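One chain comes next, on its own, written as structure tokens: the form predicted on its own.
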Amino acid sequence: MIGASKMGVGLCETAEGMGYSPDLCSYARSDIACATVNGGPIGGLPRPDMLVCCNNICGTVLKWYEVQARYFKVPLFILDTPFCHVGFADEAKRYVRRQLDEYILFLEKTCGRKMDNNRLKEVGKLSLEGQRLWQAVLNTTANRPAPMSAFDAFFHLALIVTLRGTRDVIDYYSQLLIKMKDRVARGKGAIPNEKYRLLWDNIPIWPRTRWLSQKFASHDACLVADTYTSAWCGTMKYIDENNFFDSMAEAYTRIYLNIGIDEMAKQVLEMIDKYQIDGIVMHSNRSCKPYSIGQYDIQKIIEKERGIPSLMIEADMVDERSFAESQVETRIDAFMEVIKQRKGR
């Protein structure tokens, strides 16, 4: 929200004035600063009773949440997930599963009441149903023309992130799916004249989503899929809805950012085939090392296996100071010329 509202630079500068390095993740910097000044588009978040974090996305979140736990003087629970290069070993499964039992004890102590197993099953089923609907929405962009773009998905993503496990998510994505299917039936595309189909990799450049959307559309190019929004439903295949609590240990550990480069490349190749991709746009994100560090390897694998071109944009998800518009524009123009030549314009 801070990034999309173009408030990231000011809050990042506030954090830097507090002594935090500009090299620290801009999500962490903006959030840490936001808490101290009630900043951001909604004047800060409510004071928490507890904090919970999981390192399946990155290691920065551990220190980030420790900082906030000290600031708000609240208890913190950390769920530690081992890195999965290829598979999910039994030792890892037992390790994560034991932590879920510890998590229950933490919640019961903090909330002052026992966990309701029936309520857990109910929320688990709603969560899984929401993930299925979200995936169904994303699947509609496999059609030509795509009824929505990845830039649309970046914003529709909000509910699966913040309200998963509620009826609101089911209702919202059910209606969105109906709308997308109607657009498919009418041949209504996200851009007026879709000729080229692209895949986005990494977190969005939130302050520049509109500019990027318009820039690619000017080349008749639509970003029809991305590795970011699909991450919220990519591990539902590991969920057993009749044994939600045990199976979630595997699902939380095997997410996109917690697997090896070869496994990530495999998923990207599957998306290339599924969505009939002509080229890949990779956001080399200054703030997100786990997402960005293997991109050049993935780029080489894609070039070898599918022979399609890729573009690397160096920027940041929140801190707009790392975005050089003229440089990015020149790179996009050159990238699209390559694709047009390959496709015979």
Partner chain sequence: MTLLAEFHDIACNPAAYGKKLKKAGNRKIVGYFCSYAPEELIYAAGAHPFRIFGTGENIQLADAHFQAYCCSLVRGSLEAALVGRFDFLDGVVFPHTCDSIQRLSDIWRMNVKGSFHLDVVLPVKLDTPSAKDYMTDVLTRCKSDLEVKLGTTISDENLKKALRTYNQIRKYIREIYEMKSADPDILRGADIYAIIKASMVMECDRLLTLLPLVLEELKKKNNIAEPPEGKRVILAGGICNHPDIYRIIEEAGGAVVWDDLCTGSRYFENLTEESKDPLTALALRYLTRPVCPAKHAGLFTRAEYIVKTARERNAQGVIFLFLKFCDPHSFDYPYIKEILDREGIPNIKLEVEDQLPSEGQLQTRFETFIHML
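Positions refer to the first chain, counted from 1. Since this is a predicted model, take the numbers as computed values, not measurements.
Although it is not shown, the form predicted together with the partner chain is what the next lines describe.
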>> Which residue, 308, 50, 42, 62, is the contact with the partner chain in the model of the complex, using a 4.5 Å heavy atom cutoff?
In response: 62
> Looking at 257, 123, 163, 136, which has any heavy atom no more than 4.5 Å from the partner chain in the model of the complex?
Replying inline: 257
>> Test of understanding: in the model of the complex, would residue 142 fall inside 4.5 Å of the partner chain by heavy atoms?
In response: no
> Heavy atom to heavy atom, is residue 91 within 4.5 Å of the partner chain in the model of the complex?
Replying inline: yes
> Do residue 104 and the partner chain share at least one heavy atom pair within 4.5 Å in the model of the complex?
Replying inline: no
> So in the model of the complex, does any heavy atom of residue 86 sit within 4.5 Å of the partner chain?
Replying inline: yes
>> Given the stretches 180-188, 106-114, 70-78, 163-171, which is the single one in contact with the partner chain in the model of the complex, using a heavy atom cutoff of 4.5 Å?
In response: 70-78
>> For the three residues 147, 156 and 242, which mark the spot I'm curious about, does each lie within 4.5 Å of the partner chain in the model of the complex through at least one heavy atom?
In response: no
> What are the residues of 276-314, in order along the chain, with a heavy atom within 4.5 Å of the partner chain in the model of the complex?
Replying inline: 284, 285, 286, 289, 290, 292, 293, 294, 295, 296, 297, 300, 301, 314
